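Quick setup: one chain, the form predicted on its own, written in structure tokens, and binding and motion questions come after.
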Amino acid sequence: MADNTVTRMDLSEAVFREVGLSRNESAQLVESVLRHISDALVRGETVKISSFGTFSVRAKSARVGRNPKTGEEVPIDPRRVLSFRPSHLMKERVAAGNRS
């Protein structure tokens, strides 16, 4: 698998090329979209992007974990975690990419 990473700059450059906004406007648009998504998740809302997937926040309860080196039991505090579930279309696209 390639060691490539898509960055905010890559996204804004793609918007610049595809939509025709200026580079500055493209960067602002990408930042705005990402901010809206993260703000919704912080509020505990689910973010569903059609044909892409669903981001949601789950509450995990407190539990007892174990230090793998020492075997010592360690309490793990309750927390909220981000979860992503890809859409069927995204799963199919990724799987098709594996076959090429």
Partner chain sequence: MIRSELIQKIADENPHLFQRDVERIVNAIFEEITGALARGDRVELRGFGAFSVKRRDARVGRNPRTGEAVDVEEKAVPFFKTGKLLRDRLNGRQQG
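Every value quoted in this text rests on a predicted model; they were computed, and no experiment measured them. Numbering follows the first chain given and starts at 1.
Here the subject shifts to the form predicted together with its partner chain, a form of this protein not shown in this document.
Please check if residue 43 has a heavy atom lying within 4.5 Å of any heavy atom of its partner chain in the predicted bound form.
Close contact exists here: in the predicted bound form, residue 43 approaches its partner chain to within 4.5 Å, heavy atoms only.
At the 4.5 Å heavy atom threshold, is residue 50 in contact with its partner chain in the predicted bound form?
Heavy-atom contact with its partner chain at 4.5 Å: present for residue 50.
Find out whether any non-hydrogen atom of residue 91 is located within 4.5 angstroms of its partner chain in the predicted bound form, and reply yes or no.
Because a heavy atom of residue 91 falls inside 4.5 Å of its partner chain in the predicted bound form, the answer is yes.
Check whether residue 73 has any heavy atom within 4.5 Å of a heavy atom of its partner chain in the predicted bound form, and answer yes or no.
Residue-level check for residue 73: no, no contact with its partner chain.
Listed by sequence position, which residues of 14-39 have a non-hydrogen atom within 4.5 angstroms of its partner chain in the predicted bound form?
Contacting residues: 14, 15, 17, 18, 19, 21, 25, 29, 30, 32, 33, 34, 35, 36, 37, 38, 39.
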